[in-house]
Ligand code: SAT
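Below you will find one chain, with nothing else, as structure tokens; this is the form predicted on its own, and questions on how it binds or moves follow later.
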């Protein structure tokens, strides 16, 4: 009987013949392996050791200046039918895509080592986990994948047992933006990435596998692969609720996942546990609830803005055994970015810092670190069955209109709320920053198939026997007329999560509005909070005229997905529009004869 590894062995041989590396190294994930790898990277300048007294076993990596973020315009979903990829993806015919990128791969690893990285997304023994193998010529990718996944011998053993894995081929190539592609072949379970060393383009277990390929697999197999954090919150009564939340990149996912309760909440006994900060795989369990795992084993977080004030847990985990990418440096060799104390001596490109040239750290500078180093990490993150999800939260950067929090009426309304999500763009993706765009479920850059089919898949969970989470929407970024944020955010967001948990437990009331259920201002605890007079009322107001425009714009956006847009979502949009119109009519000023 042929070994189940024969498929892997054959593929590795085929890639080696095509790319022509000088050597092949199968990664085992051992300490000896990573120590040797780091030494070689320090020698050739790929990694720069940081101050060993303040940041032991920490390193800085500087990207090519033209390779600092995801490149969505060069990211393709290659399905046999263009319609299956949908208008939300760039599409290329699979045969053409393979031909174009394989031409780039030809001989590209001459003079380099080809690394074979077996990895597992999720706890190694979890039935919800899935395995993959990334072939790369970048030792930086190996070092990051070791932190971000369960990489090495244990993953290879699972692949040998199952015979199933996602194939990922990567080369940094020449780091030429004109010779750069990130190709996904969901029907084949294959990823090919060429010409970039940036995390989202090169760490193929992350967005490429865990979202674009996994979302396709999840639809086929009856689960959900989502761009969501997972946070556990234990109330003073000792009950722990796990919440999954979807925000676009750089909109506070990591901060919420590692939230520290305000002092008054800590005194009452509130606890917060971090399961994951970026990706969530959910599947119905035997009890009908959705159970979730974080497929990642580490954090690849945005550094700028991370500070003792905004995210003390994140800062605490970065003092040792971390890789920093495109941050600045102090004179004594410590990592620095905007938001930290001190003064940078060198910017992210290694030049003496000059404010006239822009920020010291790149706005999308990153840190990579094992999740276990987070002070709020919970062993539940390694539970093979996952954790039960009590609530799903959507949110984005909306300076106006969208209230601080509201709850969807039911699952169907919740799917519409997620589908209608909008947010200002950030530096996590190449392109303009601060532009409002629709980002359904925070999955616009990551859904591996047609959004209409994706929404239909979400709606399919509304069936007998399932005990679905409640769905909420939040907006931490509402601004007043003076341009300042009305809500303090960060740890104070627990005050909003408390209302959600009380709703889940059936202990909190709400006022019904056309857009959903909102708390009365008195239902949000503001004890000890320095809010401007009337700020909470502003945060919880529903501007019916503004929402009439919003729901009309939502309808126009959804119409772009026809004819695959599910009819139930069309009906739900119409229901909300009618409710808003009725409420406006009921509150209209009488007209004089």
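Numbering follows the first chain given and starts at 1. In this text the structure is predicted, and so the values were computed from the model without any measurement.
Below: the form predicted in complex with sulfoacetic acid, not depicted.
- A single residue from the set 241, 227, 362, 473 has any heavy atom within 4.5 angstroms of sulfoacetic acid in the predicted complex; that residue is 227.
- The partner is absent here, but in the predicted complex a heavy atom of 249, alone among 493, 313, 249, 79, sits within 4.5 Å of sulfoacetic acid.
- Annotated contact segment (heavy atom within 4.5 Å of sulfoacetic acid in the predicted complex): 203 to 211, selected among 386 to 394, 120 to 128, 203 to 211, 354 to 362.
- Interface membership of residue 469, defined by any non-hydrogen atom within 4.5 Å of sulfoacetic acid in the predicted complex, is ruled out.
- Residue contact with sulfoacetic acid in the predicted complex: residue 170 places no heavy atom within 4.5 Å of it.
- In the predicted complex, at least one heavy atom of residue 198 sits within 4.5 Å of a heavy atom of sulfoacetic acid.
- Contact annotation for residue 439: none of its heavy atoms lies within 4.5 Å of sulfoacetic acid in the predicted complex.
- For the three marked residues, 61, 337 and 347, no heavy atom of any sits within 4.5 Å of sulfoacetic acid in the predicted complex.
- The single residue of 296 to 316 lying near sulfoacetic acid in the predicted complex is 300, the criterion being any heavy atom within 4.5 Å.
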